[in-house]
Ligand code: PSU
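Single chain ahead, by itself, as structure tokens, in the form predicted alone.
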């Protein structure tokens, strides 16, 4: 995120790290051309494809999100890992193949060295996609909702690596808030402790994935992509590590009734405990349970919010690119 603005020693370290990382990165033709031309690029995760949605909704959503980003003037870079390389940008055929591949690893920060060394196929979580985006020099990443502190996390210490990554990795992350299945209050406390700017897009309320208001405020309100770009630029100029979190509420006509969401979450949590689901399997289990319990309405809401985030993320990527080009 604007690494040209930080002190020269840090820039040299970053340049060396990127040069080394390039040995494990593979760019699609579209992304490679965008990098050469300076076209804005938006990173996309792949756990939505492999663990977050059923087939074929996962494929149609991935394609829809990519189309929205292209129509907004940016280039999508859907990221996965296979054959010991991080693939930045995927073709339609590759997305289709990934969606139907069995035993795909859900890779976060801790998993990256293992899957790269072993040659296993992996999708990327928020944390892993942020790492890949930074290595590729991509400044904006779009997802559905971030991970965070799970309910009962004060007892289980089940806290997503997404939060640590937001504290360390310089990427603008556009989301619909934290996943509603989480303890959002504690998630926001951790983000505050880590010094992550939390920006409510055209709202002062922090959204909760399926609903526009979690009951907790965002730290700041922003009203335009240009404003987000200026904040990210200022953060980089100060040499502050870490991401900027942009919380974009689900469109009003796609929002689910909060009472219905709360009931479904409580039941899904009970089922997860009964079935002994733990660790990184919890989130995909709960999302699948939510889909069943809401008779598919949660899946439709998930699709709508990620599409909305894609449009905003592309606009922010374009604004950030304009800001960099106009800088003295």
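Predicted, not measured: the structure shown is a model, and the values here were computed from it. Positions refer to the first chain, counted from 1.
Just so it is clear, the following notes concern the form predicted in complex with this ligand, a form of the same protein that is not shown.
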| request: Identify, from the list 69, 261, 48, 268, the residue with a heavy atom within 4.5 Å of this ligand in the predicted bound form. | output: 48
| query | Of 76, 147, 225, 200, which one comes within 4.5 Å of this ligand in the predicted bound form, counting heavy atoms only? | reply | 147
| query | Does the 4.5 Å heavy atom contact test between residue 35 and this ligand in the predicted bound form come out positive? | reply | no
| said: Is residue 58 part of the interface with this ligand in the predicted bound form - any heavy atom within 4.5 Å? | reply: no
| Does residue 280 reach this ligand in the predicted bound form if we count a contact as any heavy atom within 4.5 Å? | yes
| query | Heavy atoms within 4.5 Å of this ligand in the predicted bound form: does residue 87 have any? | reply | no
| So, 52, 160 and 287: all three within 4.5 Å of this ligand in the predicted bound form by heavy atoms, or not? | yes
| request: Among 189 to 197, 228 to 236, 121 to 129, 252 to 260, mark the stretch whose residues have heavy atoms within 4.5 Å of this ligand in the predicted bound form. | output: 121 to 129
| task | Enumerate the residues of 105 to 123 that have a non-hydrogen atom within 4.5 Å of this ligand in the predicted bound form, in sequence order, or give none. | result | 106
